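First, one chain by itself: the form predicted on its own, in structure tokens.
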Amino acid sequence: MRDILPELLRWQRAGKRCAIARVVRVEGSGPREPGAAMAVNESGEVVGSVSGGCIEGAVVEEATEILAGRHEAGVVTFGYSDDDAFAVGLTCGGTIHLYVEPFDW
């Protein structure tokens, strides 16, 4: 979270709304540890990383949906699924749980 704080402060000064995604749990192999964070503002700008690139696009979509009021804040899970091999997943084969919410200044 400290890594993204300067950008969050810049967005706050500019009056931009944003959503934060934080790693809350990792099962198996995962690219980032719990606590890793990523923020997306209403203009689509991104700072930080929750997976080193594997799922960032899907996280941006989720954050955008939350900012638009189409999804509620909550836990989203990404990982490999035998049932849906084409689903967004982690290349390392683990499962990552993120809490995504609007950031309240």
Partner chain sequence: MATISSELRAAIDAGTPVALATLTEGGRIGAKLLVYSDEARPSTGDLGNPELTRVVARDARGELAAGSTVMRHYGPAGQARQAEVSVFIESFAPPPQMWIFGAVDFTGALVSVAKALGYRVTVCDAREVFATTARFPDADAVETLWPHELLERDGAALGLRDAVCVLTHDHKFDVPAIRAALATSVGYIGCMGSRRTHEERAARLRDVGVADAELARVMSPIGLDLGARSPAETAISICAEIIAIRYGRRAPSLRDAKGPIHEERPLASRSSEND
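Keep in mind it's a predicted model, so treat the numbers as computed, not measured. Residue numbers count along the first chain shown, from 1.
Keep in mind that the form predicted together with its partner chain is not shown, yet the notes after this line are about it.
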Decide yes or no: are W11, A58 and I66 jointly within 4.5 Å of its partner chain in the predicted bound form, with each residue judged by its heavy atoms? no
Report whether the minimum heavy atom distance between G53 and its partner chain in the predicted bound form is within 4.5 Å. no
Although the partner isn't part of this model, could you tell me whether G28 comes within 4.5 Å of its partner chain in the predicted bound form, counting any heavy atom of the residue? no
Which residues within 1 to 24 place at least one heavy atom within 4.5 Å of its partner chain in the predicted bound form? M1, R2, L5, P6, L9, Q12, R22, V23, V24
